[in-house]
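Presented as structure tokens, the chain that follows is alone, the form predicted on its own.
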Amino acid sequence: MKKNKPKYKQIIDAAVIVIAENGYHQAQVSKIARQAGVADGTIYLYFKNKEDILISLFQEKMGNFVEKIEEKIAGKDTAAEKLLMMVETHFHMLSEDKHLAIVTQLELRQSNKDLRLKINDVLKGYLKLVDSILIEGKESGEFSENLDVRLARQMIFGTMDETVTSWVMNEQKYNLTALAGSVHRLLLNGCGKG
């Protein structure tokens, strides 16, 4: 399969850098090929077009995200611990790859509606992971039995997403991962007096 070939990953990694530095619309396939150290034609052995590169990039990176988070939460006993680990891992992975943070937080949002729908499709695996933590918390009694899982998922993902976007917009001047504890407390306690 193409995805297991070394050049596939090379092209994906190059695309992250080129799109982050030039913006999606200015990121020509030739620039991606140059960054990857391959001929322009080689790109088309792996991808149909630039849109396919962007979707594949997101699938690949989001797949890594979910895997890493699943690894990190595997040893945790409570839903609250799993939620903290998820937030921390999400922030840490994006703070470790600033180009990817720019692509996920800014460039993916500037794409056309069809592309955004395909990207939302890729997000489903990540959102299912959030749901599983919330459902576990409800079933164990850690979280309210009246918790609306769908709404809570949107709030959790939206909070993490906006926190990362703000960090990117502020030119990554502060430690994103250090915010995980505060975000986690806010997610668990809302704005109550607890």
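Nothing here was measured: the structure is a model prediction, and the numbers come from that model. The first residue of the sequence shown is number 1, and the count goes up from there.
Below: the form predicted together with the DNA, not depicted.
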Q. Which pick from Val38, Val149, Met155, Val168 sits with a heavy atom within 4.5 Å of the DNA in the predicted bound form?
A. Val38
(Q) By the heavy atom within 4.5 Å rule, which residue out of Leu127, Val29, Met62, Ile135 makes contact with the DNA in the predicted bound form? (A) Val29
Q. Is Lys68 a contact residue for the DNA in the predicted bound form, using a 4.5 Å heavy atom cut-off?
A. no
Q. Counting only non-hydrogen atoms and a 4.5 angstroms cut-off, does Thr159 reach the DNA in the predicted bound form?
A. no
Q.
At 4.5 Å between heavy atoms, is Lys50 in contact with the DNA in the predicted bound form?
A. yes
(Q) With the partner left out here, check for me: in the predicted bound form, does some heavy atom of Tyr46 sit within 4.5 Å of the DNA? (A) yes
Q | Contact stretch among 127 to 135, 54 to 62, 140 to 148, 38 to 46 - heavy atom within 4.5 Å of the DNA in the predicted bound form | A | 38 to 46
